[in-house]
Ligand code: GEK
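Single chain ahead, written as structure tokens, the form predicted alone.
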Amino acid sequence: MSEDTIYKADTGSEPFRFDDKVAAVFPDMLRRSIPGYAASIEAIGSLARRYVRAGSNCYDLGCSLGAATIAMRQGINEPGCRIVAVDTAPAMIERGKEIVANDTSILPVMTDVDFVLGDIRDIEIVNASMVVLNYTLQFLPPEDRDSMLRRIYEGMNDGGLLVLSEKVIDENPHMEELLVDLHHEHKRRNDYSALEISRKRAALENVLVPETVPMHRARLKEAGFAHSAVWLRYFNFVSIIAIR
């Protein structure tokens, strides 16, 4: 696993992009930057085992290198399923294909994976028993998020599951300040310098636009999901499950 040193040299003056540089170090970046990420991926496999139905589709929207895709594939134990893994970044799609092709895990059943280079807002969701948005919705313009979740809901089968993981902001400014400080401390413990933290934060400004947990849950309810809950939270990073 290559070490993330991007912001040792990059000043953060350019917006964050999922380019070749990021793809090369992405696993290390996630491990050091997102507390609880490994737990969310592990749970996706368990949820796939519980919710994916035979002959249905699963979607990893904003798949990056395919970590959630692999977790679903390892968890699915019903025949005739297909995983559609979508990302806008060519570097992520190409590297993701390699990683999935080289995955030697013993699978309960063989599940086909289709990698699609494209915008998740243009993807038709059909016959879906599971959809994953793992730190993806936060990169869409806020005005596009309602329609995205409605389209997902409309393309899901009854009893289907959505996993929505996001960086969030707290409604209480005092607690928000504390949570941000704790996250930065987490990064420093993982050997990011204060300068690297500052530069990456500048690069993500107006690219990653976080919202509050109540805003996310209200949007899910408005889209039609009957049930939702935060099942994982670590500082300002949450994972929500919603059932159609």
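The shown structure was predicted, so the numbers you read here are calculated from the model rather than taken from an experiment. For every residue, the number given is its place in the sequence shown, counted from 1.
The same protein also has a form predicted in complex with this ligand, omitted here; what follows describes it.
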Check for me whether this ligand, as it appears in the predicted bound form, comes within 4.5 angstroms of all of Tyr51, Tyr153 and Asn157 - heavy atoms only.
no
From Glu98, Asp146, Asp119, Glu171: within 4.5 Å of this ligand in the predicted bound form by heavy atoms is Asp119
Name the residue from Ala89, Val131, Ala71, Val84 that puts a heavy atom within 4.5 Å of this ligand in the predicted bound form.
Ala89
Of the listed stretches (51 to 59, 181 to 189, 210 to 218, 34 to 42), which one has a non-hydrogen atom within 4.5 Å of this ligand in the predicted bound form?
34 to 42
Contact flag, Tyr234 vs this ligand in the predicted bound form, heavy atom cut 4.5 Å:
no
Using 4.5 Å between non-hydrogen atoms, is Phe115 touching this ligand in the predicted bound form?
no
Does this ligand come within 4.5 Å of any heavy atom of Thr136 in the predicted bound form?
yes
Flag Ala67 as yes or no: does it have a non-hydrogen atom within 4.5 angstroms of any non-hydrogen atom of this ligand in the predicted bound form?
yes
With this ligand taken in the predicted bound form, which residues across 16 to 30 come within 4.5 angstroms through any non-hydrogen atom?
Phe18, Phe26, Leu30
